[in-house]
Ligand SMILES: Cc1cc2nc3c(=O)[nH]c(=O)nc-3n(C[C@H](O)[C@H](O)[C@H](O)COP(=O)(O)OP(=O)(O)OC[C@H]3O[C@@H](n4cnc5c(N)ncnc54)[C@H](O)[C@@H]3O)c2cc1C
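Presented as structure tokens, the chain that follows is alone, the form predicted on its own.
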Amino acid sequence: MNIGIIGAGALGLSAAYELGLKGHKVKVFERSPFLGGQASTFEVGGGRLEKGYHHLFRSDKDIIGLIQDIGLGHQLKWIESKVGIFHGDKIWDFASPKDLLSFKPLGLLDRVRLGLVTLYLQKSSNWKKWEGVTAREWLEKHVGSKPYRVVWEPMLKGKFGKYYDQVCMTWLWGKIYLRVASRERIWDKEKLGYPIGSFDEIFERLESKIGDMGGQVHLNSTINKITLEGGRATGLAYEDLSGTNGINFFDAIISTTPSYVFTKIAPFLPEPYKAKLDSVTYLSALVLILVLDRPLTKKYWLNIADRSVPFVGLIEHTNFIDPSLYGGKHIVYLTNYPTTDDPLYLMSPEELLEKYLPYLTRINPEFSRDWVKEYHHHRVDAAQPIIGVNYSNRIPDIRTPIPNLYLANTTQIYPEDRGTNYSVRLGRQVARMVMGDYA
């Protein structure tokens, strides 16, 4: 078959690779000038760095398997994570049960209760029982009001903003349940994976493999619409950077675009299906990356449990990956998930830097502005769908009501949260679905 794929992120490239392995001809169209989508990279200090922080868990079997399949298994390293939480103008260790028992902002009974509830969530695999309740309701009832206010509410508010009290408990269960798989024993600190050389190596190798199998990946190519003939999807109308345009015809089409983009290029979708797509609320990822001449903290992952601080996470990449890969520089991500009308989203890079700088001295009183040697600003729209209660009832089918047309995007990743592993899994799933339908 000849198959067209919209999007050259982890999902689109994985689908193309799977189809190519079975002898099908694939063309991938990507409007950006780079591969990888939300896991794309840029250069810092002579090395490649993700625009948004990325790592793998030991439970990420799909992408780990893919990395091995394409001959990059030797690049994947497992490194002990250093996790902390910022509360009361202090960084607390927060990587193990022992750390939790030492977390003095909570009384001993609250610490024990929080630990037992966390252990329960790690051991429970029945995610469906939490579909009908919000994380806020469940946590306030089971961990108590103070542990909820001190630990969970600031992080939910930081991640989801005004939607924090609408998020389904199943989403939070996924965050806790899947992390424990990165520990050899439950009381150990977790180990996280990273492909030394960046995730870009994975995407470049996939592009090469797709080409070797007769497929093509076209960057700087925008899909303006999906064409129909006899009620069936038959083609992709494209335009490239030079202004050249045309229509390519296919036996099947896979779109990996966000839902609101899909409805624009496929306006003929029946109303009930379109309504599911329109019901999705997305948050953007807003990342300010600081390149420093020295470490800011001793942690890799610092959760900010203080909503007076205008970012929700501080991820110090070079407390995880050796700074020598980036010319000896130290890399810090400051991250948020705003809506597109949020004042932070609308700030210029310079304004955002000035907004954030005073809070870095609260995290490290020795911090000085002259530590910052450069900074980078990235915004990614449609980075995080809001996962509300009974979300499984609102997930759009991969097979759209239009014959030959398939949709695979992050809104269909559930009960797990979106991530490169689940994009790989969904990409290979939709590829097998297409092949099965046309067998």
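Numbering starts at 1 and follows the sequence shown. Everything quoted here is computed from the prediction, not taken from an experiment.
Omitted here: the form predicted in complex with the ligand. The next part is about that form.
A heavy atom within 4.5 Å of the ligand in the model of the complex is found for exactly one of T318, T234, T257, S198: T257. Checked against the ligand in the model of the complex, the candidates V151, V332, I363, I223 yield a single residue with a heavy atom inside 4.5 Å, and that residue is I223. Looking at 369-377, 65-73, 395-403, 38-46, the stretch with residues near the ligand in the model of the complex, meaning non-hydrogen atoms within 4.5 angstroms, turns out to be 38-46. In the model of the complex, the ligand sits within 4.5 Å of a heavy atom of H54.
By the criterion of a heavy atom within 4.5 Å, Q412 is excluded from the residues contacting the ligand in the model of the complex.
Proximity of S32 to the ligand in the model of the complex: non-hydrogen atoms within 4.5 Å are present. The closest non-hydrogen atom of A383 lies within 4.5 Å of the ligand in the model of the complex. Within 4.5 angstroms of the ligand in the model of the complex, the stretch 411-426 places a non-hydrogen atom from each of R418, G419, T420, N421, S423, taken in sequence order.
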